[in-house]
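Below sits a lone chain in structure tokens, taken as the form predicted alone.
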Amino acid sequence: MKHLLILVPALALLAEPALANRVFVTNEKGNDVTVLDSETLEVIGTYPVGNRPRGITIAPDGSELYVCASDDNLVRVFDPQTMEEMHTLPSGPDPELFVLHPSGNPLYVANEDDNLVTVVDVKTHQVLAEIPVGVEPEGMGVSPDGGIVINTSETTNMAHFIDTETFQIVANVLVDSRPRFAEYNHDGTKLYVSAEIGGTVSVIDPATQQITGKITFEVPGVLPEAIQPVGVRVTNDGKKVFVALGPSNRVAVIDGETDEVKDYLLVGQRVWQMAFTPDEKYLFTTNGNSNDVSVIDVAAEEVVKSVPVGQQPWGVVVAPN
């Protein structure tokens, strides 16, 4: 019996499955969210979330899932476990992308039609500020310390640095045509801003608000006008940067120390946004024209699976727990 008492817990430990995280994908044309299991890479279910869902994010503790319902002119908030709607948040008209403060509150929303960034308290559900920015604001990023929020304006071609205490713009940086996305590295020493029509990613020193370099792309056999940088993600150690290149159907892999392109990975059609699993084992990409998600093995830098989702997948986020 003593041996059994020793063996049973050991066997139970061996049989314990790996922890999986839920992956949430907004389907812009399907008006729903597809949920995947991050370990099995299988679809768990698809849930209605309002009209034209695009931007998506999740609370740092995993308690609330936020979805930009662009044609409903609001943010819908769901329980990530049940996908039941909990409440809505005011967002201003046509919310497309947003970013949460690292603390989980407030939420900063880009309003493309009104040239504003709306700041919303996710606890009181009140609008804290409406910040005038450039024409057609879209991309949103936030510094690791939460002190600065970045908004990119597509027509003004600028990255606006917004102080999160005063809600005032403290700097404007001119970048290339139609900036789509802004992403800091995790120590806050670099800011990457993608330019969809310009075909570049500007590397900005956040301390000086100066451009220190520009990343350009050349994919053999692909026309330059098809290379349209959109989503950007950086590994926690800053050593790898991934850039979604839109209708080129490629994700660029960049050395985060030299900012040189290392490789191009073939993914689905019109790759748009991306998200890591918390352990950075996988990077998920949304492919809007092929209605699927590509799964990239981050360490191996290779695509390991394609998973069909809904109609025109746009945004993606992975639960932290």
Partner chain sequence: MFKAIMGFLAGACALAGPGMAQQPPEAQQIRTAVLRVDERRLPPISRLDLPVADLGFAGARLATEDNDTTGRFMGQDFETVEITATPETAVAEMDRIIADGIQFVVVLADDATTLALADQAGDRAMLLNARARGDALRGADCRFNTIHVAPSHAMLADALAQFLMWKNWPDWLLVHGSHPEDQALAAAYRRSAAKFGATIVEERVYEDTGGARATDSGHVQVQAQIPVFTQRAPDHDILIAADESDIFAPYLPYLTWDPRPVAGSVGLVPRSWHPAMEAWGGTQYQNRFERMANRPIREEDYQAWLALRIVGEAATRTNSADPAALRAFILSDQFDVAGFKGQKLTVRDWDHQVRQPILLTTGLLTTSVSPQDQYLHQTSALDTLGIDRPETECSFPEVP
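Everything quoted here is computed from the prediction, not taken from an experiment. Positions refer to the first chain, counted from 1.
The discussion below concerns the form predicted in complex with its partner chain, not included here.
- With the partner omitted here, the stretch from 100 to 108, 76 to 84, 127 to 135, 236 to 244 that lies within 4.5 Å of its partner chain by heavy atoms in the predicted bound form is 127 to 135.
- Listed residues E218, D113, D145, D163 were compared with its partner chain in the predicted bound form; D113 is the one with a heavy atom within 4.5 Å.
- Contact between N249 and its partner chain in the predicted bound form is not found at the 4.5 Å heavy atom cutoff.
- For E154, a non-hydrogen atom is located within 4.5 Å of its partner chain in the predicted bound form, even though that partner is not displayed.
- In the predicted bound form, at least one heavy atom of G198 sits within 4.5 Å of a heavy atom of its partner chain.
- Though the partner is left out of this view, L89 does not reach within 4.5 Å of its partner chain in the predicted bound form, counting heavy atoms only.
- In the predicted bound form, no residue of the candidate spot (A59, T118 and K281) has a heavy atom lying within 4.5 Å of its partner chain.
- Although its partner chain is not shown here, in the predicted bound form the stretch 197 to 217 places heavy atoms of I197, G198, T208, Q209, Q210 within 4.5 Å of it, in sequence order.
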